[in-house]
Every structure is written in structure tokens, then in C-alpha cells.
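Form predicted on its own, single chain, as C-alpha cells, below.
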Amino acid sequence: MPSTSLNSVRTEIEDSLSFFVKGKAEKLNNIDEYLQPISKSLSEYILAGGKRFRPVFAYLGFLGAGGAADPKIARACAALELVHVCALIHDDLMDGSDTRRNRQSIHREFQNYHDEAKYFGSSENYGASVAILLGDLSLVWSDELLFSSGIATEQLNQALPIFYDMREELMAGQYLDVLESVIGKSSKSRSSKIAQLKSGKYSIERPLQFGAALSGANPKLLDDFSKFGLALGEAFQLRDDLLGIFGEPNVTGKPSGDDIREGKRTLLIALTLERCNEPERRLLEKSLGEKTLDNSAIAEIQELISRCGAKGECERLIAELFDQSMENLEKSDCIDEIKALLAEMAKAATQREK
């Protein structure tokens, strides 16, 4: 197998996305001139940012199972990014988030567009409606990109069950996440399950298996990728939890402490509630989901999470899960050259700042 690199894999993914999305945007523009703002917005949202973790892991899964680099495979794997975009757009709407990827979230962008155009009716409803439609459109595009990628029918049939499982598990995790915030109680076991569904399986395990299936991988390698991906995915989500509260806004593209304002009952929050005293628990419970918290209130919560040891415990768990994933990777049947690239991706997923 010719030598490859993460940069070359990302370039293939980016080229595939760019060609496909620009073609779809042009088609929308030709339907009606009033569709130009949404085709522009969605195109920019997809192409102007993102770490491409899911399609890159999928492509590495394909190569790690012995597949040879192929533009058709890059196109098929790029379809996973469009599933991710759908999830981000809908997630921001459900959470009431103002920003994403250092730009306005889709629902806020079109809420403001409504106000500036002086349209009739509720600008908030208009923004929410557009976000639902564009999220749905991105999901439709993911199907189209996969089915039009040019891969063989046999490859498609091998990968589709994993593709469908990934999307169902994502929806299940999203619903449980929404439910957790309205139940008003935190549980380490529930938080871990949600993290596994929303991140461990959807971000790493299923993409790896999807790519491996495109290469006709045997069940042993699919299981190897599952063991590697689940441990790494949980560490990935724990890093996300920390960034959602402690991340730098100019790096993450979202306000510091946004997970507190959104009422996210993550494992980090569950650990904090378990470790703090009664007055501190009351303060944290009162703060969760409070949209009007100012920076000083967020700083107080950040200090509480650090002081009670929950932040340090999260970092310890990330390191432990990372080591576990590396052990599983080393024991796997994955091709050695790709093991090295997966190790690079693992570091990027767990040591990132956004």
C-alpha cells in the first residue's frame, strides 16, 4: 500500500465534499432565486469549518482493513460529514445555541435574516423552521453522496447496515440528552450511555466499521475497531464536556460555559454533583439551563468544578480511556501503517482545544 498521511486523507475528503456541495448549491439556486441565501449558508457551513473526524476515521478504517486509496471511497466516507452537519444544526436549535464554528448558528442566522428583511410573523419561528429544513437537507445529501459515490453495489450493501445503525444511535443519544436535561437529575451511568451513543459510537466506532465494511473486513477487525473506537469515543466526549465549560470562545467558536447555560447534564456535571457539598449542589442545579448567566457566574461554576476535583477526574478518565484505546489498537488486525495514523487521530481527538 502506498504511503499515506492524515493530510492526504483530509484533502481527499475536502475535495469530495467541495465538489458535491457546490453542485447541490448550484442546483438549489436554479430552482428559485429565493433559495440562494439558504444554499449559500449551508454550503459555507459545511465547507468553511469542521475537523472531519468521522469521514477521516471511516477512510482510515477502509485503509486499515487493506483497502487501496480510491476517490470513490473518499466520496462515500465524506457522506458521514453531512450526517454530522445535520446533527449540529438540529442540536444547536434544540439547545438554543447562538454560535457554531465561529459563526452564527443556522437558526440564529435566519432569525436575524428575517428581522433585517422585515418579514411578517415570528423571526424566531422562521429561523427554527429554516434550521430544521437545512438539517434535513444535509441528511438527504448524505444519502445521495453515498449512493452516488461510485462504489460497488457489494461494498454499499456491506456498509449500509452500519450507516443506518450509526444514524439511529445518534438519534437515540440526542433524545436521551434532551430527556436528561428535563428530568432534572444527573446520573453517571446515564451520562456515560448518552456519551457512548452521541460520541463513542457515532464519532469513532461506527465510522471505522463503516470504512472497514467497504473493504470487506472480517468480523474480527470490526470487533477490534469497536473496542478501540468505544474507549476513544468516550474520551472524545469527555474532552467535549470539558471544552463545553472551560473552552476558550475564540478557539471553540462557542461562548465559554455554554453547556451550563444549555443545561447539559454531562458526566462532568454528574461527577461535580457527586463531589460537592449541599450549598454547592444547589448553586449548580440552579445554574443549569439558566440562559442569562453572566461571565462571573460562569467563572464561579468553573471554579466549583475544578475545586471539587471533577475536572481533574475527567482528565484522569480521558488519559485512562486513551491508554485503553491504544492497547486495543495495538492488539488489532489493523494494518500497521494505519495504526500509526489512528494513533495520531486519537491524540487529536483527546488533546484538542476545540
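Nothing here was measured: the structure is a model prediction, and the numbers come from that model. Numbers for residues come from their place in the sequence shown, where the first is 1.
Omitted from view is the form predicted together with a further copy of the same chain, to which the following refers.
Only one of 181-189, 247-255, 232-240, 74-82 places residue heavy atoms within 4.5 angstroms of a further copy of the same chain in the predicted bound form, namely 181-189. Residue contact check for residue 304: none of its heavy atoms lie within 4.5 Å of a further copy of the same chain in the predicted bound form. In the predicted bound form, no heavy atom of residue 158 sits within 4.5 Å of a further copy of the same chain.
By the criterion of a heavy atom within 4.5 Å, residue 286 is excluded from the residues contacting a further copy of the same chain in the predicted bound form. Although the partner is absent here, residue 31 is a contact residue: one of its heavy atoms lies within 4.5 angstroms of a further copy of the same chain in the predicted bound form. Interface residue among 195, 130, 221, 260, judged by heavy atoms within 4.5 Å of a further copy of the same chain in the predicted bound form: 130.
Scanning 145-168 for heavy atoms within 4.5 Å of a further copy of the same chain in the predicted bound form gives 147, 153, 160, 164, 165, 167, 168 in sequence order.
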